[in-house]
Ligand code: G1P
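This document starts with one chain, in the form predicted alone, laid out as structure tokens.
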């Protein structure tokens, strides 16, 4: 079955970027001249996604406004004959069909995905997390769809992570079955380095079968009262095989300040209109 729908959980508070995110969603922070969330939306579209379901929360209206028509702005640009900018602005509102669902309380990634149950129905679907910005020749979610098409199972993106940082991630226990492809034997949420079953960490790209919803509904909350997707996947693993794919591409953890800065610099350096001049500027610094 074709993967047509994608869920974007964007209800987080963005506390690691305060005070910048006090009144503006973290997902709208700009990487060069586009908000972070637009890069991830474009990845989904390039992979053939036809409908995007945003799981939003209080104070996230700017995301919805960004992907909507802005009559006043378009009228002003047209009046000034700024046709190139007008075309870019109109293109944003015509990217794909969007649906928006409120997650009234921050009750975890698993809970956010559950909010999309009625809109997803009995279809397999993609999940993309906005904190992970990935530069790749082939969209990462498209790489996962290819593995889904071959095995007809849920597929999770993974990446090798230094053991000193492994406690920040969900981690898989696995057996390798093909180049970059693993069958998952178990999943552990944020283990201490000494207890991590491998160095393959779960990254924010998933293809999930609809059975994940019943698995999440039977998942107990953790100590903070949240439903963790990792625990829901463990329940799903009792009924179905799940695969992992070590994706090809460069990931930036834009959910923290250093990762965001790295992404900003490297995306700017790749720009034909900025890269050369910006590179010379960086070389000239004497800090």
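Computed from a predicted model, the values in this text were never measured in an experiment. Numbering follows the first chain given and starts at 1.
The following text describes the form predicted together with this ligand, which does not appear among the structures shown.
Each of 109, 129 and 228 comes within 4.5 Å of this ligand in the model of the complex, counting any heavy atom.
Just one listed stretch, out of 196 to 204, 209 to 217, 76 to 84, 176 to 184, contacts this ligand in the model of the complex at the 4.5 Å heavy atom level, and that stretch is 196 to 204. Only one of the listed residues (190, 117, 163, 146) places a non-hydrogen atom within 4.5 angstroms of this ligand in the model of the complex, and that residue is 190. Taking the partner from the other structure, this ligand in the model of the complex has a heavy atom within 4.5 Å of a heavy atom of residue 170.
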